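In C-alpha cells, one chain follows: the form predicted alone.
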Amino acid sequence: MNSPRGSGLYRRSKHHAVPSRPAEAPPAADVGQVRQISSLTNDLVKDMRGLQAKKERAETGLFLAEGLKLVTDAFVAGWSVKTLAYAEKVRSQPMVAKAIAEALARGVDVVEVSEAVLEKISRRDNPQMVVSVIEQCYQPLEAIDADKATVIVALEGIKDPGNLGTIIRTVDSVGASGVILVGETTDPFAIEAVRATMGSIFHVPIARASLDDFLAFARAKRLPMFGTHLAGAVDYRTPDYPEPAVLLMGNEQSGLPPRLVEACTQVIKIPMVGEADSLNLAIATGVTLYEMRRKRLTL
C-alpha cells in the first residue's frame, strides 16, 4: 500500500542544518509498524530515488546507503537513520530481522518493498536487498584535533567519488585522523563514494574547507605538509614522517596546484619504472599513507 506519510517526506527536510557530528542514538521508542510499498510512483520511493542527485542531497542533508552492512554500521556509530527499506524475501534473515528491530526501536521509518521498487530507488538491476536513508555528517574544520592527530589527508579538488570512497576506507584502515576536502570536490555522500567506503564513512571525520581556510588551519596548527607531485625530487620512502602531519593530494588530472606545492614542507614522489605516467589517486594515497605510518603499524 502507499505511504500515508510519504508525500514530500524528504522535501520537507530541505535547507535544514547538517549536523557537525553524529547524533547520539535516541532512546528506544515504542516499536512501530512496518509499512509495505509496492507502487513505483509512491512519494517515498521518489524521494529516496531523488537522493541519487547531488542537488537533492545538498538540499535535504540526507544520503542513500545500499546494503545491510552500511545501515548496521550507521546504527553502531550513532548516525541518524531516517528510513530503512528492505525486500520482502530477506525479511526472515537473522541479520536483516535484527536491523529491522533496531530501526523500529529507534523510531526509524521501516518499509517492506518489492524488488522492483528497490531497482527503481537504486537505478540498477540486481540491487542490494536493504537500502537506507541517513543524515549526512560533516565535521567543522576546527573539530579536527590536530594536536592528537596521526595523519590528516587533505584532498584538493578530487572529482571521482569512487576514489574518494576508497581513500576514506584507507584512512580508516591505516589509523589516519580524518579527511579535509579542499575547494570544489566530489560529494563524499554520493552513492558511489559511500559504497566504496565499505562503512568507513561512519568512522572517519570529514571536513570541507576553502583553499585559504585550509592553509590558515595548517599554519595555525603548525602542521608539516607532505604533498605528492610528479615534479617531486624526494623519494616518498625517504622522509622520517612526524605525527601529526598532513598528506596533501591533488586533483586526479592536474595534481597539486602551485600554491599548495609551495605550502608543502616537502614534495615527495612515488617512483615508477613501467610505461604508466601516473598512478590512480586512491592507490597513490594508500601507498603513501602506509609508508607514513609504517613504523607505527603492527600486526
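Residue indices: 1-based, along the sequence shown. Everything numeric here is computed off the predicted structure, so don't read it as measured data.
Note that the form predicted in complex with a further copy of the same chain isn't included here; everything after this is about it.
- Within this chain, G78 is remote from the site of a further copy of the same chain in the model of the complex, having no heavy atom within 4.5 Å.
- With a 4.5 Å cutoff on heavy atoms, G175 counts as touching a further copy of the same chain in the model of the complex.
- Contact annotation: K269 falls within 4.5 Å of a further copy of the same chain in the model of the complex, judged by heavy atom distances.
- Within this chain, R208 is remote from the site of a further copy of the same chain in the model of the complex, having no heavy atom within 4.5 Å.
- Contact with a further copy of the same chain in the model of the complex, judged as any non-hydrogen atom within 4.5 angstroms, is confined among 209 to 217, 102 to 110, 195 to 203, 151 to 159 to 195 to 203.
- Using a 4.5 Å heavy atom cutoff, none of R35, A58 and A116 lies near a further copy of the same chain in the model of the complex.
- In terms of contact with a further copy of the same chain in the model of the complex, the residue from T170, T186, Q136, T72 that brings a heavy atom within 4.5 Å is T170.
- Counting a residue when any of its non-hydrogen atoms is within 4.5 Å of a further copy of the same chain in the model of the complex, the hits in 254 to 288 run K269, I270, P271, M272, V273, G274, E275, A276, D277, S278, L279, N280, A282, I283, G286, V287.
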